[in-house]
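Next up is one chain by itself, shown in structure tokens, the form predicted on its own.
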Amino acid sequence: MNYSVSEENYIKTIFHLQKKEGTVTTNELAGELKTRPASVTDMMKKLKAKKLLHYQPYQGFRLTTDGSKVALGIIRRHRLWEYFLAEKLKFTWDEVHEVAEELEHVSNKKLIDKLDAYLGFPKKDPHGDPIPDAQGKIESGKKIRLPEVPLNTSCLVSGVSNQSGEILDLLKHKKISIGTVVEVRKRFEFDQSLEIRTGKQTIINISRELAENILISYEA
């Protein structure tokens, strides 16, 4: 079944919100999509009629199993296009999200499967987020935030939690990207900022707020 761009945007947003909140409220969804609660209510009725949503007025809502499958399909397309844009067309990682937001609505299964094969079946997008496979399975490896890393321990940047253009632009300026090896050298009590080493020699300071958005693994 094909869905409108608006329906797909709602489904994807509900999927991300319910991972954090369990159930999603009308006001939460309206705030995230910058729309009116009345518009959300109308869409919830449509998605419930298509059996994509468990919805009772004033009780919040969650995607059904079928709704989650649709959401994972959208996320799969989005992250594959991000990977293609970054790896093949050399878009920077702070540019790919906006373009992929448009391309994710191209839902031709044969095209997406061929894109996946052409790219070599990548496991992660340019921001370190896992790419669902053709069956909708998605890896959920545990990552921790940079401020939680012990001092003087090499680790690998493996994701970014807030992928706004402003944060990605700042990370690019600091020469921090997915795969960068980092080591926390010092924590400053005054403002909780960090002194970190990137690569072999480069020492830089980053704010606590930026550090909180850097996800790492101990693969270094």
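Heads up: residue numbers just count along the shown sequence, starting at 1. In this text, all values refer to a predicted model and were calculated from it rather than measured experimentally.
Below, we refer to the form predicted together with the DNA, which is not included among the displayed structures.
Among K69, K186, K172, K45, the residue placing a heavy atom within 4.5 Å of the DNA in the predicted bound form is K45. Among the residues T13, S207, T25, T202, the one placing a heavy atom within 4.5 Å of the DNA in the predicted bound form is T25. For the chain shown alone, S6 is a contact residue for the DNA in the predicted bound form, at least one non-hydrogen atom being within 4.5 angstroms.
The DNA is not shown here, but in the predicted bound form it comes within 4.5 Å of a heavy atom of P37. Within this chain, T153 is remote from the site of the DNA in the predicted bound form, having no heavy atom within 4.5 Å.
Contact annotation: S161 falls outside 4.5 Å of the DNA in the predicted bound form, judged by heavy atom distances. In the predicted bound form, the DNA lies within 4.5 angstroms of at least one heavy atom of each of the following residues of 57 to 90: P57, Y58, Q59, in sequence order.
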